[in-house]
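As a starting point, one isolated chain is supplied in C-alpha coordinates, in the form predicted alone.
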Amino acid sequence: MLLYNNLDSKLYIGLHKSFGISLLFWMVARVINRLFTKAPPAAPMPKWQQLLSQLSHFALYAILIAMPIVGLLMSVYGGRPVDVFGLFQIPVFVTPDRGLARFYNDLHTDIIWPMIIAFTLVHIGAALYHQYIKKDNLMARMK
(Lines give C-alpha, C1' and ligand atoms only; values in the text may rest on other atoms or scores of the structure.)
Protein backbone atom coordinates (compact mmCIF):
# COMPACT_ATOMS: atom_id res chain seq x y z
CA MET A 1 0.00 0.00 0.00
CA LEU A 2 2.83 2.41 0.80
CA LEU A 3 4.42 1.79 -2.62
CA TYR A 4 1.07 2.45 -4.31
CA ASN A 5 0.64 5.76 -2.45
CA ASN A 6 4.21 6.74 -3.32
CA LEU A 7 3.58 6.02 -7.02
CA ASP A 8 0.31 7.96 -6.89
CA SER A 9 2.10 10.87 -5.25
CA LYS A 10 4.87 10.86 -7.88
CA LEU A 11 2.32 10.72 -10.70
CA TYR A 12 0.29 13.56 -9.18
CA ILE A 13 3.29 15.83 -8.57
CA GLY A 14 4.64 15.03 -12.06
CA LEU A 15 1.33 16.03 -13.64
CA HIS A 16 1.13 19.09 -11.37
CA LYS A 17 4.55 20.26 -12.60
CA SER A 18 3.75 19.46 -16.23
CA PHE A 19 0.51 21.44 -16.14
CA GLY A 20 2.31 24.27 -14.33
CA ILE A 21 4.96 24.57 -17.04
CA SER A 22 2.20 24.30 -19.64
CA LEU A 23 0.39 27.19 -17.93
CA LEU A 24 3.59 29.24 -18.11
CA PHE A 25 3.87 28.62 -21.86
CA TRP A 26 0.19 29.49 -22.41
CA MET A 27 0.48 32.68 -20.35
CA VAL A 28 3.58 33.79 -22.27
CA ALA A 29 1.73 33.07 -25.52
CA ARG A 30 -1.24 35.07 -24.22
CA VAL A 31 0.93 38.06 -23.35
CA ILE A 32 2.60 37.93 -26.77
CA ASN A 33 -0.83 37.70 -28.44
CA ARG A 34 -2.05 40.63 -26.34
CA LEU A 35 0.91 42.74 -27.49
CA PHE A 36 0.00 42.21 -31.15
CA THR A 37 -3.80 42.06 -30.95
CA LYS A 38 -5.81 45.14 -30.14
CA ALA A 39 -8.15 44.78 -27.18
CA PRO A 40 -11.82 45.60 -27.64
CA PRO A 41 -12.72 49.16 -26.62
CA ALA A 42 -13.26 49.61 -22.90
CA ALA A 43 -16.84 49.41 -21.70
CA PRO A 44 -18.25 52.67 -20.38
CA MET A 45 -17.68 52.77 -16.63
CA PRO A 46 -16.39 55.18 -14.01
CA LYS A 47 -12.64 55.84 -14.07
CA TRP A 48 -12.11 54.11 -10.70
CA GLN A 49 -13.73 50.92 -12.02
CA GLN A 50 -11.64 51.07 -15.16
CA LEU A 51 -8.48 51.48 -13.07
CA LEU A 52 -9.44 48.58 -10.77
CA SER A 53 -10.22 46.45 -13.82
CA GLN A 54 -6.82 47.15 -15.36
CA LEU A 55 -5.01 46.54 -12.07
CA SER A 56 -6.84 43.28 -11.39
CA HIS A 57 -6.19 42.01 -14.93
CA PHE A 58 -2.50 42.90 -14.60
CA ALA A 59 -2.37 41.14 -11.21
CA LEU A 60 -4.00 38.00 -12.64
CA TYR A 61 -1.51 37.87 -15.50
CA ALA A 62 1.42 38.50 -13.14
CA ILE A 63 0.48 35.84 -10.59
CA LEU A 64 -0.42 33.29 -13.28
CA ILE A 65 3.08 33.77 -14.70
CA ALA A 66 4.79 33.93 -11.30
CA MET A 67 3.19 30.74 -9.97
CA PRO A 68 4.82 28.26 -12.40
CA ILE A 69 8.15 30.14 -12.33
CA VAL A 70 8.23 29.95 -8.54
CA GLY A 71 7.22 26.27 -8.68
CA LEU A 72 10.03 25.58 -11.15
CA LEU A 73 12.51 27.38 -8.89
CA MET A 74 11.26 25.38 -5.90
CA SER A 75 11.93 22.12 -7.79
CA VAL A 76 15.35 22.97 -9.16
CA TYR A 77 16.58 24.46 -5.89
CA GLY A 78 15.37 21.22 -4.33
CA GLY A 79 17.66 19.39 -6.76
CA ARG A 80 14.82 17.95 -8.85
CA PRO A 81 14.51 18.40 -12.62
CA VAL A 82 11.04 19.01 -14.03
CA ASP A 83 9.73 16.50 -16.56
CA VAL A 84 7.05 17.99 -18.83
CA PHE A 85 4.59 15.26 -19.89
CA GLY A 86 7.50 13.02 -20.80
CA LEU A 87 8.24 15.28 -23.80
CA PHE A 88 11.25 17.10 -22.38
CA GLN A 89 12.90 17.80 -19.07
CA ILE A 90 13.98 21.07 -17.52
CA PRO A 91 17.23 20.17 -15.78
CA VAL A 92 18.48 21.48 -12.47
CA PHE A 93 20.14 24.69 -13.65
CA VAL A 94 21.08 26.10 -10.23
CA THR A 95 23.08 24.85 -7.30
CA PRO A 96 20.56 23.05 -5.07
CA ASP A 97 19.78 24.99 -1.90
CA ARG A 98 17.22 23.57 0.55
CA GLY A 99 16.68 27.00 2.13
CA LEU A 100 15.78 28.58 -1.20
CA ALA A 101 13.65 25.55 -2.09
CA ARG A 102 11.67 26.07 1.13
CA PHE A 103 11.41 29.82 0.45
CA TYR A 104 9.98 29.19 -3.03
CA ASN A 105 7.69 26.49 -1.64
CA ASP A 106 6.27 28.96 0.90
CA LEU A 107 5.86 31.60 -1.80
CA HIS A 108 4.20 29.07 -4.14
CA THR A 109 1.73 27.68 -1.61
CA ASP A 110 1.21 30.33 1.06
CA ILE A 111 1.29 33.58 -0.91
CA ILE A 112 0.70 33.12 -4.64
CA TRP A 113 -1.96 30.39 -4.39
CA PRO A 114 -4.24 32.45 -2.08
CA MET A 115 -3.68 35.45 -4.36
CA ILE A 116 -4.83 33.42 -7.37
CA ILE A 117 -7.97 32.38 -5.49
CA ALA A 118 -8.67 35.95 -4.32
CA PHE A 119 -8.14 37.63 -7.69
CA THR A 120 -10.11 34.92 -9.49
CA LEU A 121 -13.05 35.43 -7.12
CA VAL A 122 -12.83 39.22 -7.57
CA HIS A 123 -12.74 38.73 -11.35
CA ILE A 124 -15.76 36.42 -11.33
CA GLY A 125 -17.61 38.71 -8.94
CA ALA A 126 -16.98 41.74 -11.15
CA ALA A 127 -18.13 39.83 -14.25
CA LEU A 128 -21.33 38.73 -12.51
CA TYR A 129 -21.91 42.27 -11.21
CA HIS A 130 -21.67 43.66 -14.74
CA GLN A 131 -23.77 40.88 -16.25
CA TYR A 132 -26.64 40.69 -13.75
CA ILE A 133 -26.69 43.94 -11.78
CA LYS A 134 -25.43 46.61 -14.19
CA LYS A 135 -26.63 44.64 -17.23
CA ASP A 136 -24.12 46.52 -19.39
CA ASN A 137 -23.33 43.56 -21.66
CA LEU A 138 -19.67 43.66 -20.63
CA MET A 139 -19.28 39.88 -20.99
CA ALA A 140 -20.11 40.15 -24.71
CA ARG A 141 -16.56 41.56 -25.13
CA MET A 142 -15.17 38.06 -24.53
CA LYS A 143 -16.59 36.67 -27.77
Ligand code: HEM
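Start at 1 and count along the sequence shown; that's the residue number. The structure presented is a predicted model; accordingly, all values stated were derived computationally and were not measured.
The same protein has a further form, the form predicted in complex with protoporphyrin IX containing FE (HEM), not shown here; the description that follows concerns it.
J.: Report yes if any heavy atom of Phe103 sits within 4.5 Å of a heavy atom of protoporphyrin IX containing FE (HEM) in the predicted bound form; otherwise report no.
T.: No.
J.: Within a 4.5 Å heavy atom cut-off, is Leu23 in contact with protoporphyrin IX containing FE (HEM) in the predicted bound form?
T.: Yes, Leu23 lies within 4.5 Å of protoporphyrin IX containing FE (HEM) in the predicted bound form.
J.: Answer for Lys47 alone: is it within 4.5 Å of protoporphyrin IX containing FE (HEM) in the predicted bound form, judged on heavy atom distances?
T.: Close contact is absent here: in the predicted bound form, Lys47 is far from protoporphyrin IX containing FE (HEM), nothing within 4.5 Å, heavy atoms only.
J.: Residue-level contact is defined here as any heavy atom of the residue lying within 4.5 Å of protoporphyrin IX containing FE (HEM) in the predicted bound form; does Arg98 satisfy this criterion?
T.: No - in the predicted bound form, heavy atoms of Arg98 and protoporphyrin IX containing FE (HEM) never come within 4.5 Å of each other.
J.: Taking protoporphyrin IX containing FE (HEM) as it sits in the predicted bound form, which residues of 75-102 have a non-hydrogen atom within 4.5 Å of it? Please list them.
T.: Heavy-atom contacts within 4.5 Å come from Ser75, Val82.
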